[in-house]
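Take a look at this one chain, the form predicted alone, written out in structure tokens.
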Amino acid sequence: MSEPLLKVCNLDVSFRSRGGETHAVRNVSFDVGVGEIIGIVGESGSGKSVSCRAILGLLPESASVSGRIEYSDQNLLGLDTEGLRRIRGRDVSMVFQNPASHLDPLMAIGAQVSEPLIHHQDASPTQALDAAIERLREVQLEHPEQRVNSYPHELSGGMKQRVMIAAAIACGPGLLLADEPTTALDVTVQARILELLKSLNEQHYLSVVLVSHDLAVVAQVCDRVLVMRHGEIVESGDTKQVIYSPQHPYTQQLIESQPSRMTIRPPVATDTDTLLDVSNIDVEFASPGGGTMRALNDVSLILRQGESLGVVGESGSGKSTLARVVMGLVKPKSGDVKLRGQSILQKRNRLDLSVCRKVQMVFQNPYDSLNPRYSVYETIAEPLERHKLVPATKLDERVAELMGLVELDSSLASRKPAQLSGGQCQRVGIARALAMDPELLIADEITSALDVTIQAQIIALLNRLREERGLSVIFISHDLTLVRSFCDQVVVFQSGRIVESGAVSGVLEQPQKSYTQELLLSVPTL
């Protein structure tokens, strides 16, 4: 290995707040060589993202940073704002965990991918747009010539993430900081993105720092691994050495928590009552270029009480649209949705609050679905107060109970979403949904932002709720290993249609359709 491209020496990061000082990163040191890919793994809040943001000076003013960060022998901590702007995007780029929060909602995606080319390489708007189309094609965004005119709200979560990656690599940087870049992606696109990162690494000697909670992803592409906990590096070394011969107990815990090591859940008895009946749903949306696009095509399914139904398929296949139809957030062109034999589409159109209480949804991106001005306490308490579910004298007790149910420490009650990690925000969303004591919980990629140890806890929590309360769950996920471990039945979506369905043990162990087989072959494993 030649002289390191990046040197991080004794990095310390702390945050000032009214409650005192929080130490987020402690004495972290590591190098990244030219053409090297290193992985940083650890639980949510362990300091992974803070370390990456410190490299590019993207921490808030409340942060105190000390140590030394050198890129090509230049101390980045010594640069002023203008100096950092010259580095960002040209020499060092970053892909963030939550693309929806980092894409400008008022700019077409073509303009956003073009922007660094215009700023750093003095490209004309026409040249920059042509290059942007090529970058979007590289990251497997379909029809990039048309998509450059789309806005972020017109894209699925996976599509937004690909746009961010295209913008990050637009200027051909030497170092890419990738903070959970495949979190929102289905397994087939995840495999393509990982292959893209490896290809860029091999062809252009692109160095990559890959932050991930998925050890299987890290095992596929990384040369070395750093394991972080409570702001410190507890283990580091060659990828194979760390994953196959872990020395630290925490690393061993991470490996044992991998979804692929979970056992398959036995199916629910088929004589239970039908809770949800979705029949012949068609949904159409106006397309950017005019005309209509069919998002769901003759979709029908049945969910029994206490059962968990996995919904899988590529990004844009119609999974989240189905969830929004059941929630009443999208009106179908035709078809019906019945809850215990009664149509809930008509009731939702009349704002029947009893339906709202029976069916709750936890969204994929907690930062978009939580009110940024509400504290954790206010977020969970609001539906309890609005629907008068508990007396005022019992409100504090119930909020504390729900926070404990999703493993949220009581000290977080006064914090707002911006002060929480992605995993903590997701647990707040789950607690809020459970506050309504629903019969059906729609979980739209609720574990995508969570590290593997918390994923295991959330799955255990949902299983307990199913057993204790007879809770039914529609579990939308691109993680087929989680679907295999948690769900009884599964439906496979492709281009708005259900192409295969049945018991998990049948569909995911002996798939009949080539598309399902392709999904399974794309799943990363240790």
Partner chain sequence: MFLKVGKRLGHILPVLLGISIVSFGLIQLTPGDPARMILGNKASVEAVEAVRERMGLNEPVLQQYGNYMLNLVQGDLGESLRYQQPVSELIMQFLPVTGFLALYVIVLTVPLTILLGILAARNRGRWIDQLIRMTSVLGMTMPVFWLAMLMLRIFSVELGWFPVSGFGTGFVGHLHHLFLPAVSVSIYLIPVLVRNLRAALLEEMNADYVVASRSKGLPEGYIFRRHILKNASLPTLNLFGVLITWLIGGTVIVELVYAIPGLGTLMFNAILGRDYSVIQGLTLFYAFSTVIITLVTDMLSALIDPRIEL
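Numbering follows the first chain given and starts at 1. Note that the coordinates shown come from a computational prediction; the quantities given were computed from them, not determined experimentally.
Here the subject shifts to the form predicted in complex with its partner chain, a form of this protein not shown in this document.
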Hey, of 104-112, 246-254, 277-285, 392-400, which bit sits against its partner chain in the predicted bound form at 4.5 Å between non-hydrogen atoms? 104-112
Please tell me whether the candidate spot formed by R85, G89 and V92 is one where all three residues come within 4.5 Å of its partner chain in the predicted bound form (heavy atoms). yes
Within 4.5 Å, heavy atoms only: does V499 come near its partner chain in the predicted bound form? no
With heavy atoms only and a cut-off of 4.5 Å, decide whether G306 touches its partner chain in the predicted bound form. no
Distance check, Y151 to its partner chain in the predicted bound form, heavy atom within 4.5 Å: yes
At the 4.5 Å heavy atom threshold, is L58 in contact with its partner chain in the predicted bound form? yes
In this chain shown alone, the residue from R137, H119, H230, K338 with a heavy atom within 4.5 Å of its partner chain in the predicted bound form is H119
Ok, L185, V218, A167, C425: which has a heavy atom sitting within 4.5 Å of its partner chain in the predicted bound form? A167
